[in-house]
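First comes one chain, alone, set out as structure tokens in the form predicted on its own.
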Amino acid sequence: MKIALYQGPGKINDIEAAWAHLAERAACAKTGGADLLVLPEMYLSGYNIGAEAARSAALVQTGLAPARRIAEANSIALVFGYPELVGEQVANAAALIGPDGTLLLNYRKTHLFGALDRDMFKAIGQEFAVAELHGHKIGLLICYDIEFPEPARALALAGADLLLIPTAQMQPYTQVARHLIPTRAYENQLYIAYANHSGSDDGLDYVGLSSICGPDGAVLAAAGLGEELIYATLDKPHHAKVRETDPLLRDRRPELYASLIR
């Protein structure tokens, strides 16, 4: 499976323009041979938009119909962040849509980052689900979630081969993009695609530095600071060899770790 990852500024507070931009990016990624396109956190609306704008832009899941049509028209799977309306609350969500337009996963951010997140969203997310695409088991996380070891480990233990992480990582947290993402990939022996914004958004400066990392921690593709579309291919035989050579998950001793959940 070949992954394309889009890093860029997207469209701010303009959902219709975002759908058009998504269609363009999907067509471009498909032309590049990709089976899956991953885009940033809150891609459809912009991230640093405030509570009122987030609520105004929030969609129920049926509102994702344009993305489902784009996926089907281009025969490409899509992952992107968006504000989701759940009852009267707004969640920071990410959707995985299959190449036939099926909604395979809808994940809600479980760890909110400071006042910036908490002013806009509720921590509605409660589970770490896995879906299958092209023979690979896939899990979703969003931005700050990957900075805690437990969510990634929970998905690895659930059988995930690949974590897709829409993010809105800002200055000064370059260490997350540069060091933590390859480490999470290695310690959980899975692929990670980490899709960030670029540029600035109402005074928030994004670090860019999106990447696709392999299960041995190798950086397979990396973006710089600006708008980019990067690619990498998942290699099942290599993945199996990594897990056999360094059986980190198999050699765990969970009976010793009970105190970690307190």
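Throughout, we count residues from 1 along the sequence that is shown. These numbers come from a predicted model, not from an experiment.
Below: the form predicted in complex with a further copy of the same chain, not depicted.
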| property | result |
| --- | --- |
| Single option in I76, L104, A154, V90 placed near a further copy of the same chain in the predicted bound form, where near means a heavy atom within 4.5 Å | A154 |
| Contact residue in the predicted bound form, from V86, A123, A129, L116 (heavy atom within 4.5 Å of a further copy of the same chain) | A123 |
| Contact stretch among 92 to 100, 159 to 167, 106 to 114, 76 to 84 - heavy atom within 4.5 Å of a further copy of the same chain in the predicted bound form | 106 to 114 |
| Close approach of Q171 to a further copy of the same chain in the predicted bound form, 4.5 Å, heavy atom | no |
| 4.5 Å heavy atom contact, E16 to a further copy of the same chain in the predicted bound form | no |
| Residue contact check: D216 to a further copy of the same chain in the predicted bound form, 4.5 Å heavy atom | yes |
| Exercise: E72 in contact with a further copy of the same chain in the predicted bound form, heavy atom 4.5 Å | no |
| Residues in 238 to 262 with any heavy atom within 4.5 Å of a further copy of the same chain in the predicted bound form | D246, P247, L248, D251, R252, R253, P254, L256, Y257, A258, S259, L260, I261, R262 |
